[in-house]
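Listed next as structure tokens is one chain, alone, in the form predicted on its own.
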Amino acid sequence: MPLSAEQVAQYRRDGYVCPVPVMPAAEALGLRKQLEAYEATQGGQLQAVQRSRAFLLFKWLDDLIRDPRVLDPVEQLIGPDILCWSTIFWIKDAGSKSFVSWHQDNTYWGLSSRNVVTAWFAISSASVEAGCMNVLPGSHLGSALEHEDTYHEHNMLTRGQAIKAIDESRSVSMPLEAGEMSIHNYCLAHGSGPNLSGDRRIGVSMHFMPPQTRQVVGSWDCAALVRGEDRYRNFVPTPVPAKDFDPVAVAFHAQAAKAMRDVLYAGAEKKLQRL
């Protein structure tokens, strides 16, 4: 469903729009079952390296980053030519202490454009109680806020990166039902609390950018062309998996995941293998 003129205006002004319907809850449940069926084969959860760029591992996730129901609203915000830089699973088990500190992604991703969007898709319900995302409206418009690396035990971010000072009284919660997504500019300050609910909070963030974007921190990077044309060739094209754990895509994923780790840890004093 396309965004309304009011939603587009809200995104430009506030840096986010929520909720955006993508699919029926029953369809999202089908994706959850596929994910959890795989998790069950390896002890009930994803390995750390499998959280990042998993569209190279799971065919259903590669399908999702190309789904018109996801891309049509994204196109309204960044144009008809779209690259998917990455996907990241954000899974908080019931009662988990895991949280995401307040941060701005543009300070760590090494991408040259401010016109990068994150579509955060709820595979299961992401209520306030379950630790949904919170955002600081309008924070995408100014200069980057000062961050520090905390390496907190329960922080889901690679470096525990956190904004040093933020007025949380201005924050807005973005609860989602399964099958809905939110969209926010990656310069927007955002974070989320622990899951105090009785069910897992399962989401996946999909990060889209116009092809003229460049990687200015890492020496090598890749992206999937999901709509339109790439006339700039600033990123190595990712293979399209023919099935889950397609050998060609799995081999590429190893390099792609390492490249993303290198970017996220650029400038860090410590390098913890948490992603």
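One-based numbering along the sequence shown. These figures come from a predicted structure and were not determined experimentally.
If you look for the form predicted in complex with a small molecule, you will not find it shown, but the lines that follow are about it.
By the 4.5 Å heavy atom rule, the three marked residues 103, 118 and 184 all count as contacting the small molecule in the predicted complex. When you look in the predicted complex, the only residue of 205, 195, 125, 139 with a non-hydrogen atom within 4.5 Å of the small molecule is 205. Interface residue remark: residue 133 is counted as part of the site for the small molecule in the predicted complex, having a heavy atom within 4.5 Å. Using a 4.5 angstroms limit between non-hydrogen atoms, residue 85 is distant from the small molecule in the predicted complex. In summary, the region of this chain contacting the small molecule in the predicted complex, judged by heavy atoms within 4.5 Å and restricted to 64 to 72, 205 to 213, 29 to 37, 233 to 241, corresponds to 205 to 213.
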